[in-house]
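Just one chain follows, in the form predicted alone, and it is written as structure tokens.
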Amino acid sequence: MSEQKKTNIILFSGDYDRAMAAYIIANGAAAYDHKVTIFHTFWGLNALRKDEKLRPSKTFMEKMFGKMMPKGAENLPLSKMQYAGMGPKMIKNVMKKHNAMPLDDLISMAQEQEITLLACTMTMDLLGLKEEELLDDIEYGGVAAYIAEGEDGAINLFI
């Protein structure tokens, strides 16, 4: 009996298309019975933000970061082809026509497949993000937590 393979992804990017790629790969690996961890750090944390108005206690600088960063996976910008805000609408329309799952659904699927969604606590501190601003049923940890998950990984990706 062989040991379960691991796939580990560092999601650094806050771009919709890059986050989508990370989640497509993660869900595919989980379907192949890999133990999968996605470590969300810096702008990648925005994929885990709730798209709702919350008022956690924050410093002025933390409030400013919160206003500048997109809330929720469906509000992330594209890495290319912004076209004054039209690009994301265009790509989402094309995706819908081709029955491609939107990022929110890919994240939900990842949670259903028990993919570990790990939020970087150091980055949360730097950007002033609070646990209540992020999705439910995720894990929190720093680099050591990711390294512990990633050291035996068959696949390690940085997106």
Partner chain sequence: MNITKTLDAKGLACPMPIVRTKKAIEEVNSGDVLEVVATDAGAKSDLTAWTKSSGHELLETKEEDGVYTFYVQKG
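Numbering follows the first chain given and starts at 1. Here the structure is a predicted model, which means the values were calculated and not measured.
Keep in mind the form predicted together with the partner chain is missing from the figure; the text below concerns it.
Stretch 105 to 113 is the answer when you ask which of 125 to 133, 37 to 45, 57 to 65, 105 to 113 has residues with heavy atoms within 4.5 Å of the partner chain in the model of the complex.
The closest heavy atom approach of residue 101 to the partner chain in the model of the complex falls within 4.5 Å. By the criterion of a heavy atom within 4.5 Å, residue 121 is excluded from the residues contacting the partner chain in the model of the complex.
The partner chain in the model of the complex comes within 4.5 Å of a heavy atom belonging to residue 33. Shown alone here, residue 24 lies within 4.5 Å of the partner chain in the model of the complex, counting heavy atoms only. If you take 140 to 158 and check each residue for a heavy atom within 4.5 Å of the partner chain in the model of the complex, you get nothing at all.
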